[in-house]
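Shown here is one chain on its own, the form predicted on its own, set out as structure tokens.
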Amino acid sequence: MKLTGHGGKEVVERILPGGMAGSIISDMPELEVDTQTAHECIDIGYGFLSPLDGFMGSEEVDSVCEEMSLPDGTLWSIPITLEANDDTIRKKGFREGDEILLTYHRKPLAIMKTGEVFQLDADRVAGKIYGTSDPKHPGVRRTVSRKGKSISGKVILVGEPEFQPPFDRFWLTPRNHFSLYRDKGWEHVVAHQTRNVPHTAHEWPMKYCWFAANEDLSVEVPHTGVLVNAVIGEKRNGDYIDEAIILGQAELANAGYFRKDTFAVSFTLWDMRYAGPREAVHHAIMRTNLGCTHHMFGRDHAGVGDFYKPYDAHSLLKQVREQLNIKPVFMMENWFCPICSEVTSSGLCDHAATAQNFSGTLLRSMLIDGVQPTRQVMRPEVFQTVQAASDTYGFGSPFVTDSYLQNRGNVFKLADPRKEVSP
């Protein structure tokens, strides 16, 4: 079955057939990659980043920075590049046309056919993508910290990663997503991007957007679904642990707050850039490749600190709307209104003077102390699931700590097909 993704291009899996890798990669020069690059290799290999088939060269990077498109005119908002330090490039002698084995934790991950080796102007890229060169911006720090030179080239995975519990239950490739929708009878799918465990201020917009995405479809039998697509990537101290995020989201359906035939949870490997408007466009592109027809965008989507205005992402999405194969659903700020006695939106409720904003700081302190929030803030089943994840995976905390970063289990493992080849 042909899968149509971003730009109307086919979503293609780039994975070596089973049994072939061992003999092919045995004598290849190796390049060890970091976690961000490993995630992007997997995303390219399965088509999450379609129509990309590898890491970008200088022409593509320039086009993305200046025109927010690939050289062929396809909308694209964030450069996808691979960096290696100068000593490694010199010692390995990488040249155009070479085939390199990309390894992660010393295990074979992907084959890359080397294209261009070039110097990335990281300061310029940061200014164009983030709209700032301020090192306080985490995306700027990430971009300028990747020293060395960039290497372009097409990528093909040498095998399939093996996702570990609890992630294995939620790992869906783009092809798997399309199959899920077919099995559930969904004609419309609205994506919810998240890096958080759910509280009611997240739940309310998902339900609102289900109605918005359903549009003129019948309601007797559901033909629209909400896809919670969590982002799993680089973690910082104070972030929610990945296990609490994905298990907490799944509990919404397990406990009946969403019907199972209108709700699903999956994840994408992606290291957040916090690029605000440009990252919102990128999220729309990725969820198009998952077969979603709609995508919800709230206040300060993918932003950080005060680097962007609350609705900058909405403004950019409106500008590029005709180039997207997915329909943005825009959300305003929401709050709990004691007069309306419900979670509602600043666009509907006229009780701003008495409205109660959801305090992330207060919720965090309650979760750390094990104090159950009221039902108006967090569902009790979700709270219990988050606490269980804290004990099982978080070394006693639902938030990332030094212990979690140093001792957490792998999200995925890689096999080594070289061991399967007879000497």
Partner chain sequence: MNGQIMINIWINEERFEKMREAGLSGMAQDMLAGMKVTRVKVSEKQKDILLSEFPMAKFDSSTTGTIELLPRKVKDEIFNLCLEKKSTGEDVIEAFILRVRNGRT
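Numbering follows the first chain given and starts at 1. All of these numbers come straight from a predicted model, not from anything done at the bench.
Keep in mind that the form predicted together with the partner chain is not shown, yet the notes after this line are about it.
Phe336 is the sole member of Phe267, Trp270, Phe258, Phe336 with a non-hydrogen atom within 4.5 Å of the partner chain in the predicted bound form. For the candidate set Gln387, Ser58, Gln36, Ser69, a heavy atom within 4.5 Å of the partner chain in the predicted bound form is found for exactly one residue, namely Gln387. In the predicted bound form, the partner chain lies within 4.5 Å of some heavy atom of Leu367. Heavy atoms of Pro373 reach within 4.5 Å of the partner chain in the predicted bound form, making it an interface residue. Although the partner is absent from this view, Leu363 contacts the partner chain in the predicted bound form, with a non-hydrogen atom inside 4.5 angstroms.
Among residues of the shown chain, Thr392 is not one whose heavy atoms approach the partner chain to within 4.5 Å in the predicted bound form. Of the candidate stretches 59-67, 37-45, 22-30, 376-384, only 376-384 contains residues with a heavy atom within 4.5 Å of the partner chain in the predicted bound form.
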